[in-house]
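Starting off, we have a lone chain in the form predicted alone, written out as structure tokens.
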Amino acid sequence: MLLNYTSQRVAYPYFVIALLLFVLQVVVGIWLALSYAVTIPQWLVDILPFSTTRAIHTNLLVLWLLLGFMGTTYFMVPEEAEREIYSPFLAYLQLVLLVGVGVVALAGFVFGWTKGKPLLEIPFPLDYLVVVGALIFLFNVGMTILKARRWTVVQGSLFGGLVFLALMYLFNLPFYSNLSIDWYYWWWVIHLWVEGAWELIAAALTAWILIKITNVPRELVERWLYVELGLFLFTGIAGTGHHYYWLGAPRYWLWVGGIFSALEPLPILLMIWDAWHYIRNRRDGLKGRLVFTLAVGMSILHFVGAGFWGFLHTLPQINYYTHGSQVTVAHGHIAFFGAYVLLNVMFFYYAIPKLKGLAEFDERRGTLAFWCMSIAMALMTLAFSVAGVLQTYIERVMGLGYMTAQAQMRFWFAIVVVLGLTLLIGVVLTVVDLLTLRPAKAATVSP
């Protein structure tokens, strides 16, 4: 038994459901790419239009990532606070509530029950149930930390990110009759989730993992959490401005947002670099090579996707043309994959072996799956980018029609379909490996 606290077991169903939803999200994404590459029969489009499948794809992304964050929190907090979770029952109740909301919402999309906002399509009645689930989560985690009376920078950053995550969702609840104001607050939710609250959560979870697997001094990684907090307050919030193109906001916001939003991934990258520098000459410094590989991959692709790729197209002179094009899709895919998908997978590979009582496990399948997913996603990003540049030039420079641009992008989306299938192989291999982990083979000693 490798668990220090029995209540950490509540994390496992969160992990399992998140992984299954991950597979479903990728399958739906391949279908979306296929609809760009070939002409889908009209009868099938009438049953499952693009707007519906896109809503399913993006909401599955949000749902499984959030369930992963919540499961990792329930696994991490007992060890960090040095006490059992306040109420395992509330943790299970919250899971049932949120999964139920997700199932009803996804089924509702098929029948046209939607609010219509991208990424926030779930109707208003379900929004309030999401708020209830979030409040249960914050209460449970908050009471665990409060009763432990042991405060650390890691759990402070994590809890601060979770509170901000819940607060930002509240801006999605009111109905704004003015479309510009409605989209203004929509960006508050979307941007300040993924480039604000989620960044704090990612930094805290990464810091905790590094402490556990590298024996790096806590003070070394915690100082980067202070930097992350500062960047969140100054660049994360200001970075929202690069979305303010058609909302009537002052022009200076475009420059502020375009420049500063690229800085947010830096602390995580530097945190990993600092830890690697510390353990480089220490034979006993690293516990779990696959988990560290995932951490390094996460930090690099996080920086490339959210930092470099984001900076490339959020500068005002560029984003004026590329806003809402497939260039944005390229940025979104590599940024989400690097920043949050690999973050969840990294934590799953740390926590699930302990939940299954494995001191060491065979890392070969997981390593193969990591490279399969990462290479496929990197190449998909390039294919999306080329398609986006073609789309931007044909539609917004030459002024030709939408279908003319679509015809020129078909070849690149055929490539995306192939790469999506490759990604799916990596995802399925990851899920199968995590759910059927095998003990590591004992090393043979030569006579």
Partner chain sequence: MTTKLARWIFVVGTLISLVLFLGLTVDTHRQVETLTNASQLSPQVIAGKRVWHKYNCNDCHTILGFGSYYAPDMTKVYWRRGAEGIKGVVRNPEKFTTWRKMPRQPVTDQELEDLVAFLKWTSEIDNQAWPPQDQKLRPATGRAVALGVSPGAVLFQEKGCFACHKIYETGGLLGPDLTHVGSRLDYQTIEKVLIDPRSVNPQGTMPPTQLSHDDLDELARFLANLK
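Just so we're on the same page, rigid core means the largest C-alpha set that superposes within 1.5 Å between forms. Residue numbers count along the first chain shown, from 1. All values derive from a computational prediction rather than experimental measurement.
Just so you know, the form predicted in complex with its partner chain exists too; it's not on screen, but the next bit is about it.
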Answer option from 354, 83, 223, 365, heavy atom within 4.5 Å of its partner chain in the predicted bound form: 223
Contacting member of 176, 92, 371, 139, with respect to its partner chain in the predicted bound form [4.5 Å, heavy atom]: 176
Option from 397-405, 417-425, 65-73, 375-383 whose residues, in the predicted bound form, bring a heavy atom within 4.5 Å of its partner chain: 397-405
4.5 Å heavy atom contact, residue 238 and its partner chain in the predicted bound form: yes
Distance check, residue 114 to its partner chain in the predicted bound form, heavy atom within 4.5 Å: yes
Partner proximity in the predicted bound form: residue 328 to its partner chain, non-hydrogen atom cutoff 4.5 Å: yes
Contact test in the predicted bound form: residue 55 vs its partner chain, heavy atoms, 4.5 Å: yes
In the predicted bound form: members of 20-37 within 4.5 Å of its partner chain, any heavy atom: 35, 36
Post core alignment: residue 255 C-alpha displaced by 2 Å or more between this form and the one not shown: yes
